[in-house]
Every structure is written in C-alpha cells, then in structure tokens.
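Next up: just one chain, as structure tokens, the form predicted on its own.
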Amino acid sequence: MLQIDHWRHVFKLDPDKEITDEAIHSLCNSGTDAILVGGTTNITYEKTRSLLERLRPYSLPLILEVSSLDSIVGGFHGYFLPLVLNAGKEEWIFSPYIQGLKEYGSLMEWEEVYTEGYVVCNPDCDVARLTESRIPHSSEDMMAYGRLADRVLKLPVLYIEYSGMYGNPEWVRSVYHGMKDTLLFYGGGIRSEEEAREMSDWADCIVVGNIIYEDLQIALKTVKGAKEIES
C-alpha cells in the first residue's frame, strides 16, 4: 500500500506532452516522492501506456490520475480518482464513476485506489471549463470544501487545483487548519524553489507539473523547496 501520507513533493507528467528520456531520468532521480500521470485533454490509452513504459525502470511510486475510462492502463502502483467537488455539471461528480465501476469494479485492487477530492480554482483552465466549475471566492468557501472532504466525505486526499496559476497561500492555510484527517495536496503555478517552499508550509504535498515543460532545471529545484520543510 502506498504511503501517501509521507509524500511532500510529486511531479505530474501529462501523457499528451512531449518529454525526453533525459528529462524523465532527471525527474525520477530528483528526490521527489512519486510521479503522477494525468491530464485533461487528448489523454489516450496509447499515450498513457507509452509514458508508463518509460517510467517503469525507476523505483518511484507511479500513480495514474484517471481522467477517462479510455485512458486506464494497468501496471501503476496506485490510481487517483478525481472527484470535482465544485463541478457545475452534475454529471462530473458521480456519473463517470458509476460507468467505470460497471466496467472495471470487479477487477479493481481497492487498496491501490484513492478518491481525490478536487477543488478547481482557476476559471481559465481546461478542467474548469470542462466541468463548469464553481470557482471559490473566499477563504470561507475553501474551508467549506475542506470540511466537506474531511468531515463529510472522509476522503483520503483533497487537491486544491490552480492548474497553471499560482494560488493564494492564505486560502491553502485556511483549508489545512480546517481539516483533521484528509491530506491536502496543492497543484498550480509553482515556478520556483521559493513558491514550492511557501506552499509546502501548509500543503501536505505539492504537485509540480507545467514548469517541467517550461524550465526543467527550475522544476528540479522545487523538490528542495518542498523537502526543506521536513528538516
């Protein structure tokens, strides 16, 4: 079973984006705690399987964030099922899971599956448009979603998703203080060691994605920013 409660830093790779073998080697030997594979658009079985094969030689935990039934690939160490808590389209909350459980429920290794509550905070990102997300407008909004995930739904993970835009650390702090058992993951717009350190003050784990494809060397420095909080 994955020890996700020990994670401080995760790199997220998008199967729809190109990345060199050299970059993958650097990421997997950076000290990060895991590699999360996922994206919103143009994610296919073939692209996901190809990326998994390139990651398998390394000893890191490999996690698939399931974005569609067509892109589910066996062989990952774990599977995150994103539940968009602020989706405006009702069908994005539970309907995909009902269909997935009908097709794959009897085959799933449930100790490898983690429900990941999502709060989408960037109105201009793909997932916000796809799900017609109701964007939070205050720390009180964020705290309510945190309590929903922690106290009502009792989810293992709440993911605050800014998707390319750096978020409000005070909002992240308010969510952290409002939860007891649910782990808080933060992802979005981290483009420096300093921003990684700032968000790691309150998030249990930060997820770094876009900067990998913009500036690999800066992406690698975010590991140090997150891990310094442990010392």
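None of these values were measured; they are calculated from a predicted model. Start at 1 with the first residue shown and count on from there.
Omitted here: the form predicted in complex with a small molecule. The next part is about that form.
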### Heavy atom of Gly209 within 4.5 Å of the small molecule in the predicted complex
yes
> Does the small molecule come within 4.5 Å of any heavy atom of Ser163 in the predicted complex?
Replying inline: yes
Partner proximity in the predicted complex: Pro61 to the small molecule, non-hydrogen atom cutoff 4.5 Å: no
Answer with yes or no whether Gly188 is in contact with the small molecule in the predicted complex, where contact means some heavy atom within 4.5 Å. yes
Note: the small molecule not shown here; in the predicted complex, the stretch from 24-32, 41-49, 180-188, 66-74 having heavy atoms within 4.5 Å of it is 180-188
